[in-house]
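Taking the form predicted on its own, here's one chain by itself in structure tokens.
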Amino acid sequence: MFNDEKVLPQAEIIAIGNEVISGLIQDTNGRYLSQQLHLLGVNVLRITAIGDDKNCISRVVEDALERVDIVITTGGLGSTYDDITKDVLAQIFNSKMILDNRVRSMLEVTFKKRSQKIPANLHSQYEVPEDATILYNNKGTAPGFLFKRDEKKLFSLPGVPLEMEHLFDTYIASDLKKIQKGVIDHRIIKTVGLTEASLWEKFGPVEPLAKLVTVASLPSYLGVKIRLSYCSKNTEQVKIRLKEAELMVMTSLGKWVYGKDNETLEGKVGELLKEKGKTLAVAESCTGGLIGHRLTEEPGSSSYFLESLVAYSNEAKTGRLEVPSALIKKHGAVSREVALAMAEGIRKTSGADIGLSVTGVAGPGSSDKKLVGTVFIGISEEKKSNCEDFIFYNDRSRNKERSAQAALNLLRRWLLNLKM
């Protein structure tokens, strides 16, 4: 994954549980652990999901211990019949089970607070492998474990994310800092308005960028993210490389970039509205309030966002936004003319500086003789206005999300005076 992996300890993550491989729950633990390990200078080679099967767990764990320095398992430490991870690991490391009075005491305190006795099925929780270091769990009933084989380590953590994160932060992070040999960092560049193919066409040859850093292209229906990664023994060198790579990306793609790392499109729009001292109101039809929801996710949005009106029916468009009924009759509710009238209507009725509107056919059917996925987005200020049209998908939910994304991007470009 990196240009110089030899300076880094190597790790694998194993998610254990029938509920994971059956798709009943999503494994978010692997993502969290991978991110945290990278911050500690540990290179993750694999993330594997397996079921609650003794032979499978044993085989996958043994194989991982052959390949890497650090193995972290999650799941299978509870007290139900299918939670077998603890017993399997004890067998792998030839460790017998003993009673741990501290685990029992912690459980007694927990249930005493609830005025309850420890349920009989939880008694097995204070049976622990004798040769493991116990990772005591203040957030749940199942402790974690650290097993060692020569210079290699296996950490076994509960599958509940809150408990897993608590034990990682309490025990594992400090342990891994002692063996840290390098630094890994990433920069996520977020773009909107381009497909993956068109993005790299506009960027040009990737080789010069790839010589600087490791490059990953992360496309989705809301935009393309570019992840720039670098590892080195020196923190300052990592910062220099990432800054140089980021500048290279911005030089080619700057007007399509709305943010980096944890920044959001709605956050960028909010910053621009505050910088320019502008207020905003939104008239939504097919998005059903999604634009207003995203805008108000930003703290302090009340300083620039006045209101969002979901004018879903034609009657709402004419009665609340003062869109002429003749306009709808002539052009249809999903049209450039109506989108512009909606934007102007919400601007005037709210007293905002800028009105933003969206009207479209979300699907799966159409009553307006327009293709499913047809969307018009309007924007209005006192002396100028604009409307853009899009053809998205046949998927209703994705059409709503893409329409909201496109509307926020149109507003971003409007505030920056950008022509794409």
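All residue numbers refer to positions in the sequence shown, first residue = 1. Computed from a prediction, not measured in an experiment: that's the story for all the values here.
This protein has a second form, the form predicted in complex with a further copy of the same chain, left out of what is shown; the following refers to that one.
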| property | result |
| --- | --- |
| Answer range among 332-340, 85-93, 100-108, 280-288 for contact with a further copy of the same chain, defined in the predicted complex as heavy atoms within 4.5 Å | 280-288 |
| Any non-hydrogen atom of Ser232 within 4.5 angstroms of a further copy of the same chain in the predicted complex | no |
| Non-hydrogen atom contact Thr170 with a further copy of the same chain in the predicted complex at 4.5 angstroms | no |
| Interface membership of Pro299, a further copy of the same chain in the predicted complex, 4.5 Å heavy atom rule | yes |
| a further copy of the same chain contact in the predicted complex: Thr48, any heavy atom under 4.5 Å | yes |
| Three-residue site His38, Val44 and Arg59 fully in contact with a further copy of the same chain in the predicted complex at 4.5 Å by heavy atom | yes |
| Heavy atom within 4.5 Å of a further copy of the same chain in the predicted complex - residue from Leu199, Ala132, Leu135, Ala311 | Ala311 |
| Interface residues of 334-349 toward a further copy of the same chain, as seen in the predicted complex [heavy atoms, 4.5 Å] | Ile346, Thr349 |
